[in-house]
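One chain comes next, on its own, written as structure tokens: the form predicted alone.
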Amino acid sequence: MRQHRCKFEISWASEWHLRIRIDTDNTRTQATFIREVFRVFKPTTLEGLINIIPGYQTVMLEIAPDGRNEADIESIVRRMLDDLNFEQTNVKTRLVEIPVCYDEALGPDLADVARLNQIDIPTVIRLHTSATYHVHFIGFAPGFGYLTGLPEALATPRLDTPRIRVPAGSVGIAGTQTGVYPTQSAGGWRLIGRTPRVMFDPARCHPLSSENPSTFLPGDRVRFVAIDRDEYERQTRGVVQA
């Protein structure tokens, strides 16, 4: 058995849902663990697996019982988890680069983020593009990745009143997190720019296949790359795919 950085706990949330809790506060370890679960647990390796539902410190496996008792399923899952090697230095994680136009017309809260943090707009852009972020899980909306790693100097509270309409591709900040709205929706994150990249495409394959409709996957590393308005318009006309 390999030695892990953290322990995990297994419990049943329902007769179809097995919950795995990662016992660590290390956000990078959490994200890497979840990515490894996505990589290893497939219908071909765990009979009856229907879906994988990640969270910050938990992963839920949706499993059809098929006449098996809970203890048997739990034993199989434990063995598979024991065989994982998710040490940060040993696991290759994907780096996803997202072009962003930091323009006040596309990021209407850019000036407010600067003002609230007592810095100027160029510093907001420099800080936001200097960090490497980690995708913990996909939630809120299909393809919406919750990203940690935001520089402290950019931490900004959500809007008091959410917007009814946030355009697809909008890049936002909420507290110590950042993220990209994959589709048009309501939302209360502070918008600082927009990407021309398609973040969610339902025409892509099923999430448990080698392809995914979401640009982000749990465990991915993410970097934002600043582009100007002309380049944004050029890429938007070309509809940049993931």
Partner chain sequence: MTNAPMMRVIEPGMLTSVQDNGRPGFADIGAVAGGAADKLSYRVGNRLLGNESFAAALEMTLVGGTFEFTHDTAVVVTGGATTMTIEGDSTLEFAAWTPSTICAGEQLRVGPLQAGARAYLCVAGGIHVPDVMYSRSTHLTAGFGGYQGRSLRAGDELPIGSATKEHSRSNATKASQWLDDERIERIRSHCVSVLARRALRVVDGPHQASFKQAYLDAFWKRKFQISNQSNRAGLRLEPQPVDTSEEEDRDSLGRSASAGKMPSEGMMQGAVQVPEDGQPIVLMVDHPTTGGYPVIATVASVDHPVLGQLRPREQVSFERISRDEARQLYQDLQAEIERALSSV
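Only the largest set of C-alpha atoms that superpose within 1.5 Å between the two forms is called the rigid core. Numbering follows the first chain given and starts at 1. This is a predicted model, so every value here is computed, not measured.
Note that the form predicted in complex with its partner chain isn't included here; everything after this is about it.
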Can you pick the stretch from 108 to 116, 138 to 146, 123 to 131, 95 to 103 whose heavy atoms fall within 4.5 Å of its partner chain in the predicted complex? 138 to 146
So in the predicted complex, does any heavy atom of residue 40 sit within 4.5 Å of its partner chain? no
Could you confirm whether residue 60 comes within 4.5 Å of its partner chain in the predicted complex, counting heavy atoms only? yes
Although its partner chain is absent from this view, report whether residue 15 comes within 4.5 Å of it in the predicted complex, heavy atoms only. yes
Proximity of residue 45 to its partner chain in the predicted complex, heavy atoms at 4.5 Å: no
In the predicted complex, does every one of 156, 192 and 223 come within 4.5 Å of its partner chain, counting any heavy atom? no
Of the residues spanning 39 to 59, the ones with some heavy atom within 4.5 Å of its partner chain in the predicted complex are 50, 51, 52, 53, 54, 55, 56, 57, 58
Does residue 61 shift between the shown form and the other one by 2 angstroms or more at the C-alpha, the core having been superposed? no
For residue 191, is the CA shift between the shown form and the other one at least 2 Å following rigid-core superposition? no
